[in-house]
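As a starting point, one isolated chain is supplied in structure tokens, in the form predicted alone.
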């Protein structure tokens, strides 16, 4: 007889939300994760009073009232607003692209002047077919070269001509001095880090870390009536329709015996000659005053099965492969798939929670 009502594979934000809500409804739940810690890629590690974003910068932002009310049950959020800067050929620019950026480039001082300048540099294209063509049609060659081309090429290891335009359409382009990267109503960092928040979400729920589902699949599956799988969907089906592609990341973190390294949480390095895409200084996420600091250089990396998959490569070929796995998933009995790896989809954190809420409506 099954010991649990639900087995949740993955202790990241999606799995934690599912587990917390099911437990609240009275179900007996077991959560497992192959890593030695909970939180997935949101995991933060406390070092010398600073919470290190171990797997890259995570800024919570949402316009969904339900999601915002939900996360505030488990953490108090500070007033951090994401205002990254761009470093290109020894110059610092305001980012995302806004009126200050355009002033730095072209000395324009009003929205009207900025619009007139943009109209003269845009490369008209009524039907852009890729990322490069789309951004050139919006802001022209100079902005593309400074802010987009090198960074995108490094991040995806592909010429921007080979990438779909939806990747860049998330980037704000404003003719005001608003340099907030996001347009959402709510934004911040959980005080004390994401690890503390997710620990509170999983309070009272049985959790087994360092537990690989695929190493003990038959036994683990037999212990629960239902299962929610948040891992790689292609691996679940033993790669029967071949592997899906990802991009990975590599992080180099160091402690510096100075109070401040760069004066900002995130600075993007968009020059193609610089091997990393950004430097993160973690103390600025929580407005800390210390005599030391931790900085992380973030490098794009070719993905292999031994590395962490961060970004799905959502081109036509991979989309077709995923759809085949999705068809198989729909035929699985008592197994439900969700999250960025199981759905082969990039999710912001608020999208992850919203997707979990949607799956919960379908669970028996």
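Residue numbers count along the first chain shown, from 1. As the structure is a prediction and not an experimental result, all values here were calculated from the model.
If you look for the form predicted in complex with flavin-adenine dinucleotide, you will not find it shown, but the lines that follow are about it.
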Candidate stretches 226 to 234, 118 to 126, 288 to 296, 93 to 101, one within 4.5 Å of flavin-adenine dinucleotide in the predicted complex by heavy atom: 226 to 234
64, 326, 319, 34 - the one with a heavy atom within 4.5 Å of flavin-adenine dinucleotide in the predicted complex: 34
Listed residue that, although flavin-adenine dinucleotide is not shown, lies within 4.5 Å of it in the predicted complex (heavy atoms), from 88, 213, 276, 77: 213
Residue contact check: residue 29 to flavin-adenine dinucleotide in the predicted complex, 4.5 Å heavy atom: no
Contact label in the predicted complex: residue 313 to flavin-adenine dinucleotide, heavy atom within 4.5 Å: no
Proximity of residue 22 to flavin-adenine dinucleotide in the predicted complex, heavy atoms at 4.5 Å: no
4.5 angstroms heavy atom contact with flavin-adenine dinucleotide in the predicted complex for residue 52: no
Heavy atom within 4.5 Å of flavin-adenine dinucleotide in the predicted complex - qualifying residues of 331 to 346: 339, 340, 341, 346
